[in-house]
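Just the one chain here, laid out as structure tokens, in the form predicted on its own.
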């Protein structure tokens, strides 16, 4: 959700019980404006909150003028002092995939994982137990990147692609109509497209290259991983992810108000295919 319309966005997303205390809201309003100024971002999004056992991580993301350019992610424990996180790498993903359970809330906390490594001793090869230390901050980077790639959402038309390649915010976007807002095909993943490249020319024939350049939610696997509901007498559409419980996307039809927020433990619902 955009930091400039933070209070309205939190109000619209509050139907899922995801809110912030008045002092946290006031701190975020001020500190995110300073983050935007100091880091010279085009836009700052309040991404959400990952719940820890001792403390919670408040996450924000900075976007450049090209909306699909790699985002800078920051975290805070008090909504006032922000620390920049490093970009996610494949090595981080593999390293943190073995860590299970809740976050502690301490970025310097180290998880211990024992793994077997083959050691050569002359002609003999034997396995040795090695204890690997994994920092919670590394796990935080990995989880945020996974959630972004899997369930970050944008309505069709909110962004447009220029003929030269960069993607910008569509200033003429006035929201989806009520009939469009009820369809999962009207929402896209807010990341670089993956499935679009695999489509045939016949499938691409009806697509508008300036608007339909992202992957649609309707083709997500497993099918049924999104819950779509109308609230406030059809004045608000809310999408909730069942794959990453805690991710809520909201959009008020025929208005520009839209955004998503994640408030959860950072744990994926791996049992979802058996629950549908």
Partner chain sequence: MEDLTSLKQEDNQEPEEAEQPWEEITAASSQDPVPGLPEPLESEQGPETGLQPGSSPPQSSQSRTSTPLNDLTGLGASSPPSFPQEPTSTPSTLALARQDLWSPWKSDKTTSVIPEARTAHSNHLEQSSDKGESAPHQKCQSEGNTFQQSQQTKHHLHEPKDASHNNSKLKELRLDIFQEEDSNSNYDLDHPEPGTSEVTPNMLEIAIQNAKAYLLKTSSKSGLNLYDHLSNMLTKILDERPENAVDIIENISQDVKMAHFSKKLDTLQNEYEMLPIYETAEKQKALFLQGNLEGADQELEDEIAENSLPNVMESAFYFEQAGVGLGTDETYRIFLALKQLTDAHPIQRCRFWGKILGLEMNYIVAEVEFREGEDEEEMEEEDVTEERDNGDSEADEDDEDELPKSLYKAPQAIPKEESRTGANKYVYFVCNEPGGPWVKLPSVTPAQIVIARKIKKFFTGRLDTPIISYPPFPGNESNYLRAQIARISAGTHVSPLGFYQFGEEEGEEEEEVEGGRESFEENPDFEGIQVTDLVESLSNWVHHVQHILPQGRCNWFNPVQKNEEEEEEEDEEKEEEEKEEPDYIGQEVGPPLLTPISEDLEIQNIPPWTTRLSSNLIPQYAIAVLRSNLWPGAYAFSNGKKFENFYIGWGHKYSPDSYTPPVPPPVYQEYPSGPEITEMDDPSVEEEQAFRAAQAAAELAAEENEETEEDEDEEDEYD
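Numbering follows the first chain given and starts at 1. All figures in this text were calculated on a predicted structure; none of them were measured in a lab.
Although not depicted, the form predicted together with the partner chain is the subject of the following passage.
- At a distance threshold of 4.5 angstroms between non-hydrogen atoms, residue 171 is in contact with the partner chain in the predicted bound form.
- Although the partner is absent here, residue 69 sits far enough away that none of its heavy atoms falls within 4.5 Å of the partner chain in the predicted bound form.
- For residue 56, a non-hydrogen atom is located within 4.5 Å of the partner chain in the predicted bound form, even though that partner is not displayed.
- The closest non-hydrogen atom of residue 135 lies beyond 4.5 Å of the partner chain in the predicted bound form.
- Looking at the partner chain in the predicted bound form, residues 94, 106 and 149 place no heavy atom within 4.5 Å of it.
- With the partner chain left out of view, the stretch that reaches within 4.5 Å of it through heavy atoms in the predicted bound form is, among 98 to 106, 140 to 148, 124 to 132, 83 to 91, 98 to 106.
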